[in-house]
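What follows is one chain in structure tokens, specifically the form predicted on its own.
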């Protein structure tokens, strides 16, 4: 039985209820985070909560909890749900009003919800046994504020389904200039001639926490060249390696793009080195 958190109470998930007038339900008017936890140890708690605060500030929701209170909620959810390999989902919506109206209402209390779900065990940096992805590609048709981690994910859902309908694990998105943006649920890296390259952050791209941690680790603990710059789809199709990154996948190698192998069709040596370093240092954040 999953134990959830709702507006200050811990209760069985199946008993959690919100008002149908909640603006998260009616408008997707809210912010969320997913924080991985392995054996009760949180990965990237500080940057995750900082991003959540940034999101709430962007849509003008006052955070209902301090950073310490958010940590206590996360740790309690992990403990009450077995402290295994868990994704801890946190969501703050603007709350429930008495009417449906587009403008932000005043005088309502945010709805705070949290629960956990099982995630895979921590990835192992082993080229021979690592989980990999096969992905499709498609033009990015989402809204122009993808840097906000909004609960309104229909565009991402439709793009993910586009890849799934093609029998793939994910999708690599590109903008009208045919430059890579991100995946439906992941950030993107490519490797060419030993250099790690990832698109720079802007309104088209979520500032991923795994992306942030991986870049920081590579700068601090490796001599691997790293570039943050635009990546064309032509470059992606001729990359030696492609990785996707997310909180529940860490760094995962893409071995096929639109039916063609990436590099030699196996996880690459730069991925192996990067994932090894990520495993060693991810709890520092």
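Residue numbers count along the first chain shown, from 1. Treat the numbers as computed from the prediction; the structure is a model and nothing was measured.
Although not depicted, the form predicted in complex with N-(5'-phosphopyridoxyl)-D-alanine (PDD) is the subject of the following passage.
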Handout entry: Every residue of 253, 263 and 267 near N-(5'-phosphopyridoxyl)-D-alanine (PDD) in the model of the complex, heavy atom within 4.5 Å
Key = no
Exercise for the section: With heavy atoms only and a cut-off of 4.5 Å, decide whether residue 196 touches N-(5'-phosphopyridoxyl)-D-alanine (PDD) in the model of the complex. Expected result: no
Handout entry: Close approach of residue 159 to N-(5'-phosphopyridoxyl)-D-alanine (PDD) in the model of the complex, 4.5 Å, heavy atom
Key = no
Exercise for the section: Look up in the model of the complex whether residue 245 has a non-hydrogen atom within 4.5 angstroms of N-(5'-phosphopyridoxyl)-D-alanine (PDD), and give yes or no. Expected result: yes
Practice task
Mark residue 187 yes when one of its heavy atoms lies within 4.5 Å of a heavy atom of N-(5'-phosphopyridoxyl)-D-alanine (PDD) in the model of the complex, and no otherwise.
Solution key: yes
Fill in the blank from the handout: For N-(5'-phosphopyridoxyl)-D-alanine (PDD) in the model of the complex, the stretch among 159 to 167, 97 to 105, 73 to 81, 204 to 212 with residues bearing a heavy atom within 4.5 Å is 204 to 212
Exercise for the section: Counting only non-hydrogen atoms and a 4.5 Å cut-off, give the residues of 30 to 48 close to N-(5'-phosphopyridoxyl)-D-alanine (PDD) in the model of the complex. Expected result: 32, 34, 48
